[in-house]
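We begin with a single chain expressed as structure tokens, specifically the form predicted alone.
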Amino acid sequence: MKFIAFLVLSFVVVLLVNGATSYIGAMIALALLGALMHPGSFAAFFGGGFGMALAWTSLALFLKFSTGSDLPEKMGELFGVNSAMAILLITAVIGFVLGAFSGLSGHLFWKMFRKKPKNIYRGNL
């Protein structure tokens, strides 16, 4: 359940933050979200990754179809890909990597400062 909640919240946070700041602001916001929600490592990594990838892909598709621009095709030619869908896929992969490591960094930051129980029997030490 935390995975779905983190995925949806990371999608919304990236959409809101990317309108005001650059991708670094979105990465910091995802790290803060990961630290505040403290999902598991799996949920933080994949939830943040898929959330940012979906947000960036939906923004790119919205801009492409709402303006009718041929900029993605021109960018594809510039990069030697010759396809707007390949540029969209590259955008999604970069968004996944940035979001995944941002969410995981936030979770690991929270894990670093949480209180660990003391006086737990750990065997013959």
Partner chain sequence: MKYFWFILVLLITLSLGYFASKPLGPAPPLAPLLDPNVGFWQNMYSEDDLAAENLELAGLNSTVKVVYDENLIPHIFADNAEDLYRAQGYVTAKHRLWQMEFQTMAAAGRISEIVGPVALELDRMTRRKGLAYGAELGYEFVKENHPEMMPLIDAFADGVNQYVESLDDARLPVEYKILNYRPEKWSAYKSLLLLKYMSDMLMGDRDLQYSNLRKIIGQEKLDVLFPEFPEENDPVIEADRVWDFTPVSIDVPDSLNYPNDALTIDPLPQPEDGVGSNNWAVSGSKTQNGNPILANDPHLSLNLPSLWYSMQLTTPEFSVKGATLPGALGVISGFNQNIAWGVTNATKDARDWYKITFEDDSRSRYRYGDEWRESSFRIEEIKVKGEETFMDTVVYTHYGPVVYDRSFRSDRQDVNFSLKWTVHMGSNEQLTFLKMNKAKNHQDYMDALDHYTAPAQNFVFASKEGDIAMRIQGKFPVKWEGQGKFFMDGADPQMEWQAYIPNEHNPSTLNPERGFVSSANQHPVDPSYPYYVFDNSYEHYRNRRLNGELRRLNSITVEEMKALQFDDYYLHAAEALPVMIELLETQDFQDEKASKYLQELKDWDFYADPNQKAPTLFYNWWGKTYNQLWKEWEEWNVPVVRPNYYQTVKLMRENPESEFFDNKMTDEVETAKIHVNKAFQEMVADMKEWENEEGDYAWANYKRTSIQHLVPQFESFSVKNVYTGGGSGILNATSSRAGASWRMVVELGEPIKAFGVYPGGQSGNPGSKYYDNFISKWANGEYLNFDLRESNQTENILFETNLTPKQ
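Numbering follows the first chain given and starts at 1. All values derive from a computational prediction rather than experimental measurement.
Not on display, but discussed next: the form predicted in complex with its partner chain.
- Although the partner is absent from this view, Met75 contacts its partner chain in the model of the complex, with a non-hydrogen atom inside 4.5 angstroms.
- When its partner chain is considered in the model of the complex, His38 lies well away from it, no heavy atom lying within 4.5 Å.
- Although the partner is absent here, Ser102 sits close enough that one of its heavy atoms falls within 4.5 Å of its partner chain in the model of the complex.
- When contacts are judged by a 4.5 Å heavy atom cut-off, Phe11 does not count as touching its partner chain in the model of the complex.
- Contacts with its partner chain in the model of the complex, taken as any heavy atom within 4.5 Å, map within 23 to 56 to Tyr23, Ile24, Met27, Trp56.
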